[in-house]
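Let's start with one chain on its own, the form predicted alone, as structure tokens.
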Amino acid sequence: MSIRVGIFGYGNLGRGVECAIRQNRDMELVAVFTRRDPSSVKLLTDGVAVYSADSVEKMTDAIDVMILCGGSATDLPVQTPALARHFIVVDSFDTHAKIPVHFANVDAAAREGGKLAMISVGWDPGMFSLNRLYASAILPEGQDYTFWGKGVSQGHSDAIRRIAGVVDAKQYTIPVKSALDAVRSGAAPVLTTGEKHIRECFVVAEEGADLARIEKEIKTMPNYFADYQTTVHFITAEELRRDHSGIPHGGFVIRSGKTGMNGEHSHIIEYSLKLDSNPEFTASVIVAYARAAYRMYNEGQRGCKTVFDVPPAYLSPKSAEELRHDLL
């Protein structure tokens, strides 16, 4: 029996979720919900209905798991608690500093509705978080380092678009090569946030907009740009389409640690990603965790969960026997 999946919100991430579902034979896309005109949404899958977001609560019996694909960092703190009262939900909330508050709000809503919710699923937070946990548990005497990019950050790009006077924008996160090399050498340097990355922004502004104000708002934005060396380029819409239409990303999680009675042996654990499409990869992670959320709910688990709470076997469509035979 297929897991019946709904998508709430349909942009780049929603389209990626649709593609990922098509690659997982134990899942079926049954509905998409949008705040846009439903007739304007063109799906890749035939026969799937698109509904207004206002009608979502009428579909509780038709959907096993609802995947939330909010279009901005302000969407999910509202949408996830609201929908977690009615559905098993999975979201990709990625503002690291606000995850504890988001978790508490979603946990209360999911328990009120007798449901299970999985938050902050993706590659960071998500897969990178898991690798930080594994590596620090294996090498307790050591230091974690996370580098992102070079690539487009959808959340940071969206944050720029919300500034008054901005028409469109793309933001690239770029690792500082000297810092990356120092970590890989085993030197275990102490690095500030700004010493590890730079941020480069390409912004299309409204005609006559105050460019100095926009640049200042970008560079001083907390949780996004304030702690980084940030460069802002103002370009035309044509240049943005021509030169910045893709959504690549990637990064590295590195643990530098010591073992031995006197810390005489050095070790490096590194996990890396190089992604042609950030939203499509993120969507693939979300779909795997949607499977896990459905299984955990059917076992009787309730409330909010994160990637730390999920047994790895629950992500795979394979049976325990198949996993032991094929992968162990």
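Don't overthink the numbering: it's just position in the shown sequence, from 1. Since we're looking at a predicted model, the values are computed, not measured.
The same protein also has a form predicted together with another copy of the chain, omitted here; what follows describes it.
For the three marked residues, A73, C201 and L240, no heavy atom of any sits within 4.5 Å of another copy of the chain in the model of the complex.
This chain is displayed alone, yet in the model of the complex one of K258, H244, R85, K196 has a heavy atom within 4.5 Å of another copy of the chain; that residue is K258. This chain is drawn without another copy of the chain; in the model of the complex, the residue among I163, A209, A182, M127 with a heavy atom within 4.5 Å of it is M127.
Heavy atoms within 4.5 Å of another copy of the chain in the model of the complex map, among the stretches 51-59, 64-72, 29-37, 287-295, onto 287-295 alone. When another copy of the chain is considered in the model of the complex, N24 lines it closely, a heavy atom lying within 4.5 Å. Mapping the unseen interface onto this chain, A187 falls outside it, with no heavy atom inside 4.5 Å of another copy of the chain in the model of the complex. At least one heavy atom of H267 is located within 4.5 Å of another copy of the chain in the model of the complex. In the model of the complex, another copy of the chain sits within 4.5 Å of a heavy atom belonging to S316.
For the stretch 138-156, the set of residues having any non-hydrogen atom within 4.5 angstroms of another copy of the chain in the model of the complex comprises I138, L139, P140, E141, D144, in sequence order.
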